Each structure stands twice: as C-alpha cells, then as structure tokens.
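Below, in structure tokens: the form predicted alone, a single chain.
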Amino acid sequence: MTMGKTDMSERPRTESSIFVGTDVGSSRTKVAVVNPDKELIGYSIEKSGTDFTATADACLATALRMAGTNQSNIKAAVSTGYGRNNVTCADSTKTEIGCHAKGCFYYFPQAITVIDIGGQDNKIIKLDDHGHRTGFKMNRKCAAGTGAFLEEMALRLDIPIDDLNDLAPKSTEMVKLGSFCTVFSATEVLENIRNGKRVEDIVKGIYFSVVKRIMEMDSFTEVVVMTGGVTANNPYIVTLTEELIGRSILVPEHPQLTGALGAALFALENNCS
C-alpha cells in the first residue's frame, strides 16, 4: 500500500484567497479547502445526518478554522455528491465521477484505475496519463460491497463496525459467502455463527466478498488507486485487494477526501478561467 502526498500539519495561516469543495455523500459530508497553489490547507469530515445543509455548513466552518481563514476569503466553491444541491456556499456543482477523478489525479498524476468504495455505491474510474476519463463503472443496484453492506454485517455479528478491520487479519480459515446480496449474506452470516465458525474467519469472508464484488465490476489497469470511506476505515480491504490482484495499490493520504478535493480544484480552475 503506497500513500500519496505527505500529511498536512495544522498550523496558523493567513490566506487571502481560498477555494472550497464540498462532497455531500449519503453517509459522510466532506469539505476541502485549497489555496491558489493547489495545496490542501483545511478539511473536515462528518456524518451527513438528515440535514445536509447544516452538516455542510458545520464542515465548512471546521475546515476554515483548520486553514486559518474565514468565509469572506472564499473566491469560488463547488459542490458534488448525493446532496450537492444542499450546499449554500457553492457557486456550481460537478459530478462525483469528475471530482473523484480530479482529486485522485492530483495525488497520482499518471494513468490509473480508481476504486472508490462509498457508503451506498462503488465506482471504478479509469484515467489516462493526462487525467482524462477513459472508462467508468458504478454499482447502483444494491448495497452489496459498500459501506452499508459492512454496517449490516457488523450488526449481524453484533460487533462494532470499527472492530472489523482488526479481526479480519486474525483469520486462519476464511469463510466465503456465497451471495453478493446483502439480505442473503446476512442469512449466511447467521448460519455460520450457528455452525460455530470463528468471527475472525467470517469477517475476512465479508471483506473478501466486498473485494470480489468490485473485481467483477470491471478490469483494472496496471496502476490501481483505492479511495472512499471504506478504504479509509478498513485498510485491510486494500491489503486483501493487493493479494488478489498481485501488486501494490496506491492510497492517497486522505482517501475519503478525493471528491471534495477534486471539487475544490474545479473551483480554483473555474475562478482562473
């Protein structure tokens, strides 16, 4: 697993011009603030909740404090994601695909396949060495292989979702699930519990199911990048994917922020055009 860029240190700044990207997902809302040099100087990630506008406003305030600036210095702002029309500070909107692609290419400016695992959908985006999109697939039909799938499986196992990532590597005999369907998989999990299977082996099987679902969506190019909330909170998924494809995977330093970062970079470009 290779990380892109270096961690941003939080320090006082005075920025007279800033550009904001807001990515309102069904599960999490993310805000990124960049300066004219395309440096990420502030960010925030919060649960989206039921009031997308209020959450986006709160995330913006947090990101601006980290950046050491205020809302009066925003020169342009772009929103994206499921709730992009609920962002009050946005001048315009962009598609999730375009923003994720731009954010990932910022970290890794080369031909890449982006695997984004979100709360409700998975995306596979292929870019050439100029950052132009050459292919795209999205899983919209069900929650299989997404963050919602992991949440449901954790519920069935009666363990906190944050514990999954530590349990999976301890597996000695993975239990493979036969179904991609969340409902049927939940039934399989309960049957395996009843049959005395170890929780660690079931959890690894759950992760394996996520990875297999993604791999069946599309082929990958040589260089693969993984992003999204599931990647950020479940790094073992990256390890398992690396094992299955037989090569290292690139991960940006903020896997959950690529959409918001891409939106902020679009805002900067829009202001300069």
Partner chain sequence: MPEEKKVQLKRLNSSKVLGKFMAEYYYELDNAAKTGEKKIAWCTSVGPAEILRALGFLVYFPETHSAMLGSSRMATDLIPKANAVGYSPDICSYLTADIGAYLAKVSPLATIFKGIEGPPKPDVLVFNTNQCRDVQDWFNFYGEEYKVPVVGIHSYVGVQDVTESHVASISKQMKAMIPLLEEVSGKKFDEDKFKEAVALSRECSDLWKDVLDSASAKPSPLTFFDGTTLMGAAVVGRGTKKANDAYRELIAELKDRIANKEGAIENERFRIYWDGMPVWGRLSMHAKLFAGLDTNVLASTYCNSWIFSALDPDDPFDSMARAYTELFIVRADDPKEKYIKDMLNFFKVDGIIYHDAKTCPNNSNCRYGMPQRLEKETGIPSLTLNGDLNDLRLVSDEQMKTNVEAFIEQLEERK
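The shown structure was predicted, so the numbers you read here are calculated from the model rather than taken from an experiment. Residue numbers count along the first chain shown, from 1.
Form predicted together with the partner chain: not shown, discussed below.
When the partner chain is considered in the predicted complex, Val203 lies well away from it, no heavy atom lying within 4.5 Å. Mapping the unseen interface onto this chain, Lys170 falls outside it, with no heavy atom inside 4.5 Å of the partner chain in the predicted complex. Heavy atoms of Asn139 reach within 4.5 Å of the partner chain in the predicted complex, making it an interface residue. Looking at Glu188, you'd find every heavy atom of it more than 4.5 angstroms from the partner chain in the predicted complex. Annotated contact segment (heavy atom within 4.5 Å of the partner chain in the predicted complex): 76 to 84, selected among 151 to 159, 195 to 203, 105 to 113, 76 to 84. Along 79 to 110, a non-hydrogen atom within 4.5 Å of the partner chain in the predicted complex is carried by Ser79, Tyr82, Arg84, Asn85, Asn86, Val87, Thr88, Ala90, Asp91, Ser92, Thr93, Lys94, Thr95, Glu96, Ile97, Gly98, in order along the sequence.
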